[in-house]
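Just one chain is shown here, as structure tokens, and it is the form predicted alone.
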Amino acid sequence: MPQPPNLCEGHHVIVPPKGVPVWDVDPYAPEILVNPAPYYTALRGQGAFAYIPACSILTCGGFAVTQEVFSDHSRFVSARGVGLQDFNLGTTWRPPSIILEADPPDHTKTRRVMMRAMSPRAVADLRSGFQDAADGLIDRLLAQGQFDAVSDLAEPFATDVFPRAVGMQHNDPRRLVDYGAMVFNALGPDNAQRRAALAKGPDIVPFITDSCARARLSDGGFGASIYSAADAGDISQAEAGMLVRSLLSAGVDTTVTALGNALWCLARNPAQFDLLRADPTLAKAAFDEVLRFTSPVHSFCRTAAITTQVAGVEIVEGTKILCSLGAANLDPERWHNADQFDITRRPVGHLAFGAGIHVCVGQNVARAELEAVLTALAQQVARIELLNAPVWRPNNAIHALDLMMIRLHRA
């Protein structure tokens, strides 16, 4: 595997646009990644954009501006990388994702294949299995007593139901979780968390590649559907393998993160959990509020494909823009009482699943998984007891718990 470059040198050096403040901050500092709320507030206070000189990038965190940049694929492209590196400059450490890091017309082709594989009908067929798995897991954890919400609940559930939905016949939960962490950490600068994650690549990547080969997948799963699209000539066999791998890079770690974050929110807000218990159909709204409130994917980049303007700021072609989804999702100008977790809010329009043509193609699967766990909690659990101060795991693109000891009390 090629050695990654220093990503703060992997894009155009720009001068701060007129009227944009220069902000001497490292958004990838561990202390910010584990406790981002003060940074989000400060970022929104900078105005429409701030210029970060260490990496020569612009960053934004207000909802309106972030939504505009993040969703306008004609002006702000993904094909030049959703991390700090500009794929037009230098060699990438891995082949670009043909769905996440692509724009039309290439993106249109691969997204159509993915949407067909994970259609509402295909996901509907999985819901009962997801619910059975969630019910059984919560029942076992109720009997166990205290446990870690991450390693004993979020990781076992996500690394069980989703790989089976893909059709994986050879599962290694630890490698699956580490693979997601590696892919998301790689989007940041050449810092400690990125180097530590990429060091696991020689062990993880061959396993993932082998596990996603056609011969390793069972019939009837998402993976088999994607390879069927290759048989039909919609994509190549090589592209099919890349799309199956993208399922695992984007579909496991994000679900683990969202599950852990959901337990954190409900444990800290018992009145909200009581509302969910009283009406388990609030599970869908509760999941969206978890996404808005915690932003499991806290930031992605876009690159200006042309010289353009946003909010009166001139942005030159080649400018990397770090879109802080976490800051936008907590913007008080967009959300009433934005800093409060409220499952009755129904926060339509949050950016946690992306926006525009790049909105998460697998969100129906993620919703089915999280709603199953939230429903199981609502039906079986009277109280979620937080036993220690949660420990957060610094990651360059994911806001995830590392450890949170809890006890579930049976209803």
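For every residue, the number given is its place in the sequence shown, counted from 1. For clarity, every value in this text was computed on a predicted model and none was experimentally measured.
Beyond the structure shown, there is the form predicted together with a small molecule, which is absent from this document and is the topic of what follows.
When you look in the predicted bound form, the only residue of V310, C212, L153, V183 with a non-hydrogen atom within 4.5 Å of the small molecule is V183. Between the small molecule and the residues F157, F300, Y227, F293, the one pair within 4.5 Å by heavy atoms in the predicted bound form involves F300. For the chain shown alone, A250 is a contact residue for the small molecule in the predicted bound form, at least one non-hydrogen atom being within 4.5 angstroms.
Contact annotation for S97: at least one heavy atom lies within 4.5 Å of the small molecule in the predicted bound form. Although the partner is absent here, S246 lies within 4.5 Å of the small molecule in the predicted bound form, judged by heavy atoms. Heavy atoms within 4.5 Å of the small molecule in the predicted bound form map, among the stretches 97-105, 233-241, 316-324, 267-275, onto 97-105 alone.
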